[in-house]
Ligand code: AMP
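In the block that follows, a single chain appears as structure tokens, in the form predicted on its own.
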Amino acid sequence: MKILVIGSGAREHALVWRLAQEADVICAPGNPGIEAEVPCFPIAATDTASLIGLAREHRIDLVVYGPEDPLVLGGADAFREAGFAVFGPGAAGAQLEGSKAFSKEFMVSAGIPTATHESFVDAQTAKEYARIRFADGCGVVVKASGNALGKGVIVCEDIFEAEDAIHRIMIDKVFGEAGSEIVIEDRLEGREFSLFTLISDAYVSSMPVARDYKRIGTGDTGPNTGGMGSFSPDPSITPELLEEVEERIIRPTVVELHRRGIAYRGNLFTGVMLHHGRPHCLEFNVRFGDPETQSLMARISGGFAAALYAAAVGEAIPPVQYSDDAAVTVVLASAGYPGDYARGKPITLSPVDGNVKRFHAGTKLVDGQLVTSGGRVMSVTATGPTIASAREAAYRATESVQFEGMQLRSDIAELS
């Protein structure tokens, strides 16, 4: 099988690394780490016409999308119209991530448990609603409705933070046009985890649960990021609880997609919170998550390419094989991230053990020197027979990467 993976981050590096063990893989646009694994082509993920030309030239059997932007823009639709099997939803299904307002309306229509919420296009009306919710004793979360690359969510401790968040998103446009509409929802409390479900129209196959860490600082402090680490499996998620999530969230989602006439062939990333012990859907994403993907790919032992292809062509999804080992991923980020950060800092790498993999994210080569080019620079993933041993190996391996201002959380997979 010949596979084209589209994207350029650590998630795509992990997908390429796993799929290349089962198939012939190319990537566009890729990054220096991916280029060390498979041939890469400098075509932007949103340049669909050029990507289709690349796929034709290389006689690609399966197209796998990494990022969400081209899916929201209809990239998968164009590939399908050109005759290719694509793992990734069309623009209609991608609204589940491209518009939080649509996603929340979808959840309500499907009867999926989620937080009480309202959508707004006017800042003053939004502030008045936030005041009412705090007066009623509810904390709130303010979300840019559009795609803000995982950073458009602000958890507010009081009304002053909420009003500031609304102003920054809607007036100052800190997340660009993604903040033209916002969703304000009640703040739920509880344990959070991520569930990836491969969907092939009516067929579904959930992957093992992963838990990620969104905030920049140790102890869940500071602003949200795209993700600072992850681990899998999560021993707190029992088979009974997973069945409840699938019954209350996943199956109603598939039914509602069908009711709306939306064909969905790709991954559904469900953010789940156990609020008062019951699963609630925080949000949907329509692609593999980062950094959960890095941990999950390290646990797969076979069958991944076949599963993605079956989903892409609408067939029953064959089982994916997973190792019993645990995996822990620690993200190494630039100083200042998720705010402003410098680029072009030289990166020095030293050898790592065989149970460790470094996945490149924000890196590039300048005159033969590897340098930083993004906020999240690299993910370090390690496996081991226990979460504790994988965690120890991952943190030990972070010392193999050096660049000025490198920051990381110290509490990834630190289980109490």
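Just so you know, these numbers come straight off a predicted model, no measurement behind them. One rule holds for the numbers: they count along the sequence shown, beginning at 1.
Omitted here: the form predicted together with this ligand. The next part is about that form.
Only one segment in the set 77 to 85, 259 to 267, 137 to 145, 321 to 329 has residues whose heavy atoms sit within 4.5 Å of this ligand in the model of the complex; it is 137 to 145. Highlighted residues 186, 224 and 273: every one comes within 4.5 Å of this ligand in the model of the complex, counting any heavy atom. Checked against this ligand in the model of the complex, the candidates 72, 310, 250, 153 yield a single residue with a heavy atom inside 4.5 Å, and that residue is 153. Proximity to this ligand in the model of the complex, taken as a non-hydrogen atom within 4.5 angstroms, holds for one residue of 254, 170, 115, 101, which is 115. This ligand is not shown here, and in the model of the complex it never comes within 4.5 Å of any heavy atom of residue 317. Residue contact check for residue 283: one or more of its heavy atoms lie within 4.5 Å of this ligand in the model of the complex. Among heavy atoms of residue 192, some come within 4.5 Å of this ligand in the model of the complex. Shown alone here, residue 214 lies within 4.5 Å of this ligand in the model of the complex, counting heavy atoms only.
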